[in-house]
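Given as structure tokens, the chain that follows is alone and in the form predicted alone.
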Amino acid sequence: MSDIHQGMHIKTISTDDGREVNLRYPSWGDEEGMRDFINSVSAEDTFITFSGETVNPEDEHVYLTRMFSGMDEEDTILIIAVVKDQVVGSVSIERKTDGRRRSRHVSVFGISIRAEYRGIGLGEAMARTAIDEAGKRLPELKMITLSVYSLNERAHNLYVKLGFKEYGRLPGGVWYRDQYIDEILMYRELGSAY
């Protein structure tokens, strides 16, 4: 059983422009703020899987139920970035459980940040925190995987800096703003240095 508690504070970081951001695990009280956050990022039609869809309260409840269950089972890390009670970012690492025991050592990484908090070091701090938390709280985890859109050079460069390596590319694997672009597949071993 996990020692993660809902709402548990992990750390406070200072962004490159001096803003203080709290990184913590979510609680049920964050449901509306998280929904507002993902809907605002979705409306941008940026480099995430959401492209204009709206998450309703029921969808957010189902998502948080699944994430809390994953954290209880030591299969998931979900961290939110909060500034003055506003959710400004979210990062997750979820163990691949579809392959049962055969792929329990592999996880999938995802991150999203509000537009006004990008480019100030928050993404790197969130990613490093999530990787560190996964190493402490997800037993037997050995590898983190992710996919990044080929046009998202900023994120790709960050992932390389964090030790991720490309292991594949799906040409035209993503429909993004009226064009097919490549989906880059990356991985890093959990115990490797940054």
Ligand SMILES: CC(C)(COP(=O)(O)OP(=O)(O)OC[C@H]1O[C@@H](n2cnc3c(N)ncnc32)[C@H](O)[C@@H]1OP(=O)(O)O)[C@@H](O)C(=O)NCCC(=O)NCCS
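Residue numbers here begin at 1 and follow the sequence given. Since the model is a prediction, treat every value here as computed from it, not as a measurement.
The same protein has a further form, the form predicted together with this ligand, not shown here; the description that follows concerns it.
Undergrad: Specify the contacting stretch among 163 to 171, 66 to 74, 148 to 156, 28 to 36, defined as having any heavy atom within 4.5 Å of this ligand in the model of the complex.
TA: Careful reading of the contacts points to 148 to 156.
Undergrad: Answer with yes or no whether R104 is in contact with this ligand in the model of the complex, where contact means some heavy atom within 4.5 Å.
TA: No, R104 sits far enough from this ligand in the model of the complex that none of its heavy atoms falls within 4.5 Å.
Undergrad: Is I48 one of the residues lying within 4.5 Å of this ligand in the model of the complex, judged by heavy atom distances?
TA: Looking in the model of the complex, residue contacts with this ligand include I48, since a heavy atom lies within 4.5 Å.
Undergrad: Just to confirm, I120 within 4.5 Å of this ligand in the model of the complex by heavy atoms?
TA: Yes, I120 is a contact residue.
Undergrad: Would you classify I80 as touching this ligand in the model of the complex, given a 4.5 Å non-hydrogen atom cut-off?
TA: Contact check for I80: no, nothing within 4.5 Å of this ligand in the model of the complex.
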